[in-house]
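Single chain ahead, by itself, as structure tokens, in the form predicted alone.
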């Protein structure tokens, strides 16, 4: 059941009827080929033998949508030749791929269970260094398991509250921040049972602390990719605007070929944001038959 307050919040900034209709539909099943362990042609041939039809996506040659939902039961998933992952979740690593070099030092600040960490490792061909950090020790078990299953060798796991992460400097920082997760409602119906504006505001306060620390961990000239899987402006535009007010940061315009999206909001509930914030993007579920997502690319 979608809360009435949720509908009321977003009725003026998107087609809320289409949004709600989409949220009540199951999410398409997608995965990416793990190029550290498998070749694309081999995986495609095996899935053809299984009778699973695949649809390629135009923006990432290793990503596919399957017509069946049991791809997690395949041998390819078990041995780490593929990684079952939502399409919007693949976007942050893709959007920093141009920054990844053989010598790059990358921090995945809230890494568990490892979808973006393992994708980064594949994009880096197991070179350079990735520090995969998460505050939740229980979730780190899943992170460790996925790193091992995917044949990742260039990654160290740490268990810090990101706000207290040691003083290091990274070329790239991914902050896929903990959030109210509105954009994941298609795969987790509990989202709306737990949904409240209070939860959104609590998440926003934490995210503002996290983004400051994530930015401070960048080398000069480094890139911070801030993302959430929520639709709430308090957790998205407001957090980026807060960073801009506290640090010498600037945004780079996000462009995603093959995706429909909106530019970030210029204002919300009477509060105006910096013009820079509009360089970020918000992805509504009904625009691409996907989850909901927000992405900002920030340069130091």
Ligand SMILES: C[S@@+](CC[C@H](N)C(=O)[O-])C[C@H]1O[C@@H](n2cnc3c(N)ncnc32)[C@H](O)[C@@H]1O
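Numbering follows the first chain given and starts at 1. The model shown is predicted, which means the values in this text are computed figures rather than measured ones.
Another form, the form predicted in complex with this ligand, is not on view; read the next lines as being about it.
- 161 is the sole member of 102, 148, 98, 161 with a non-hydrogen atom lying within 4.5 angstroms of this ligand in the model of the complex.
- Proximity to this ligand in the model of the complex, taken as a non-hydrogen atom within 4.5 angstroms, holds for one residue of 139, 213, 127, 77, which is 139.
- Note on the interface: of 108-116, 192-200, 149-157, 218-226, the segment with non-hydrogen atoms within 4.5 angstroms of this ligand in the model of the complex is 108-116.
- This ligand in the model of the complex comes within 4.5 Å of a heavy atom belonging to residue 206.
- In the model of the complex, this ligand sits within 4.5 Å of a heavy atom of residue 177.
- This ligand in the model of the complex comes within 4.5 Å of a heavy atom belonging to residue 134.
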